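Here we start with a single chain on its own, the form predicted on its own, put down as structure tokens.
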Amino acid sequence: MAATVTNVEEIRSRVILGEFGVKNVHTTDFPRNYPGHDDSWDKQKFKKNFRMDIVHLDESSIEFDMVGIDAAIANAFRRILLAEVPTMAIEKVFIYNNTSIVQDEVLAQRLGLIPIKADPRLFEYRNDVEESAEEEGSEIDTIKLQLKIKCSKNPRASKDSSDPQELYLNHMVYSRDIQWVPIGNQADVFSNSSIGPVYDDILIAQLRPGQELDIIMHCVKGIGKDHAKFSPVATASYRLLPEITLLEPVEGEMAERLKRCFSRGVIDLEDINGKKVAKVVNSRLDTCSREVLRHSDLKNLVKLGRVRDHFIFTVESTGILPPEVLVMEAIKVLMAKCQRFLNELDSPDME
């Protein structure tokens, strides 16, 4: 009976990586599926089991664990980060002069993909009516940027030089050359923040003497679902927590080979009575290579699994918003979706 209970618990909570396939990939914890297990939805039980743990946080990325949720919720959270957290991006490009070799439409696309450092929470969405009635936009929904630069010869350059860096002035156009032009009271409202490109060293175009760019750009608020340029993350992904179990002691040369089968830091060797014995140190570092299953004398000594409700999230920001703010904004979007769904259920039309 104990073996049966253990088997059932493994099916419900673990994904097993076998030699010829992956087992327990389907969700099975629905009510009355297993005798003796109450898998009905319980809000208090969910609140008790659910947790979020921040593992790593810096200026551009965050790694955190979400424990106690279903894969559907984890994936919804990932998709919201990719496509539904709003940002500001260049939407309209007015090219007054472009004598570079870059075509206008290509140049406009390059400019649109430059991440703009501006807090989208301080702006409103711009609708189609406003756009047609007032092309310039207003201080509450539009950021105006300007790129005006002309290449010329360097009068101080050596006659024998062939280096463009020495021969020409302003021949490399970078994102740092884009200037913010405040609209209305924006200069006062955003006096403590510097609006402009997130990164200064994004190459836009290369010019030669006599060539110039004179461009005005309008940034508006949008979401990645409309265009990828509005996506606030460079990447947002998750994986299940690895679980590696040694079924029998592994010693000597076999332990050495076992260690080499996994990523660095997963398996370590300890000295016990003069013998090197393998032990699992940090299964979190495993990359799911399954290399150990290629060794006939090792594959039956190790069990590879994944914890079904433990998700390791990695979110890398484009720099528009800090990664921890992106996570909070994604949670707010998910909460708003849930509330909208509940409101629809309570509406008279559903009766």
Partner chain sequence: MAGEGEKKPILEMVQADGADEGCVTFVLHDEDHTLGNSLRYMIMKNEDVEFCGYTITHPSESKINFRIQTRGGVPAAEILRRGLNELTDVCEHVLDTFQARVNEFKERQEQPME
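Positions refer to the first chain, counted from 1. Source: prediction; values computed, not measured. Rigid core: the largest C-alpha set superposing within 1.5 Å between the two forms.
Below, we refer to the form predicted in complex with the partner chain, which is not included among the displayed structures.
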K279: heavy atom within 4.5 Å of the partner chain in the predicted complex? no
**Message:** Taking the partner chain as it sits in the predicted complex, is F64 near enough to touch it, meaning that at least one heavy atom pair lies within 4.5 angstroms?
**Reply:** yes
Just checking whether K337 would be counted as a contact of the partner chain in the predicted complex - the rule being heavy atoms within 4.5 angstroms. yes
Touches the partner chain in the predicted complex: S40 (any heavy atom, 4.5 Å): yes
* Within 4.5 Å of the partner chain in the predicted complex, do we find a heavy atom from each of L113, E124 and A228? -> no
Contact check, 37 to 64 vs the partner chain in the predicted complex, heavy atom within 4.5 Å, ordered by sequence, gives D38, D39, S40, W41, K43, F46, K47, F50, M52, I54, V55, H56, L57, I62, F64
TODO: Would you tell me if L342 moves between this form and the one not shown by 2 Å or more at its C-alpha, with the rigid core held superposed?
DONE: yes
